[in-house]
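Quick setup: one chain, the form predicted alone, written in structure tokens, and binding and motion questions come after.
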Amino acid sequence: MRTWEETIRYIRTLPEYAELVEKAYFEEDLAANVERFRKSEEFLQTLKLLRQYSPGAKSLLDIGSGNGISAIALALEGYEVTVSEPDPSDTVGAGAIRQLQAQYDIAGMKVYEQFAEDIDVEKASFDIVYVRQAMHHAYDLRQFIANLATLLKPGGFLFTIRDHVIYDEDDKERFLREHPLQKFYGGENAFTSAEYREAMEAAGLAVLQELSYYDSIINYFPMTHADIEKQKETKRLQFRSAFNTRVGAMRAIPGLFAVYKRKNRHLLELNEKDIAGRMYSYIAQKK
């Protein structure tokens, strides 16, 4: 098995992974990743939520920032950012963050090479703890969330963005089997929605919002709203075809399609169960 850094360096050399490298902000040009991330619908929608729930927030802790795209983007939006990233590498870790910090001339941003379960900073010192695609990697989910809760000020907010959700162990096996990078580094993981929520509640956090996969472009990005509408249109065409096939000449009976549609409306809906390891986001507040 490769390390995470070795995996990213390796897939950069493979043409079949070029789109993933671009969409996941893994390109070698760190600043280019930041600029694309800042313009992404995911980040723009996340900013709306941050400002909606905590309009006066200043201090923000970015957990598991990876190569620093989120830390830098948030700092450029005026937040006083502290970073926790256990990987020390210049490719996907703290080294990359420090390079970007120097390149963007962001003074005062502290970078800790620690895991969320163990990060040792002043308690009750942050308005926001922001966790992008990192909570599902927790080696102890309850400890992960509990420690972060102690770092929030009373009334502060935890924003967890794009975490993999599974329904059961079979679903988890499917997710791990289909994840494009799991075979290289073996570090993927996922929890159920109930496990995430229970860990937050046990830590004294009130879960204010759970955004499931199709609830927000934050989760389904880099797909677009247009992509989702195309999927819905395909569902509608398939639904009409199935109706025509099933009822044959009877389809000309007035009102029959409306009755069929009412009874089978679920067949028109996009089903997140079709997505292996679908992503959710959570907003919780310290009581």
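Residue numbers run from 1 along the displayed sequence. Source: prediction; values computed, not measured.
The same protein also has a form predicted together with a small molecule, omitted here; what follows describes it.
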Partner contact check in the model of the complex: of 126-134, 211-219, 193-201, 150-158, the stretch with a heavy atom within 4.5 Å of the small molecule is 126-134
Taking any heavy atom pair closer than or equal to 4.5 Å as contact, tell me whether Tyr79 reaches the small molecule in the model of the complex. no
With the cut-off set at 4.5 Å between non-hydrogen atoms, does Leu205 touch the small molecule in the model of the complex? no
Whether Ile69 contacts the small molecule in the model of the complex should be assessed with a 4.5 Å heavy atom distance threshold; does it? yes
Is there a heavy atom of Phe144 lying 4.5 Å or less from a heavy atom of the small molecule in the model of the complex? yes
Among Tyr104, Phe115, Tyr167, Phe184, which has any heavy atom within 4.5 Å of the small molecule in the model of the complex? Phe115
Which one of Val92, Leu100, Ala73, Val111 is close to the small molecule in the model of the complex, taking close to mean a heavy atom within 4.5 Å? Val92
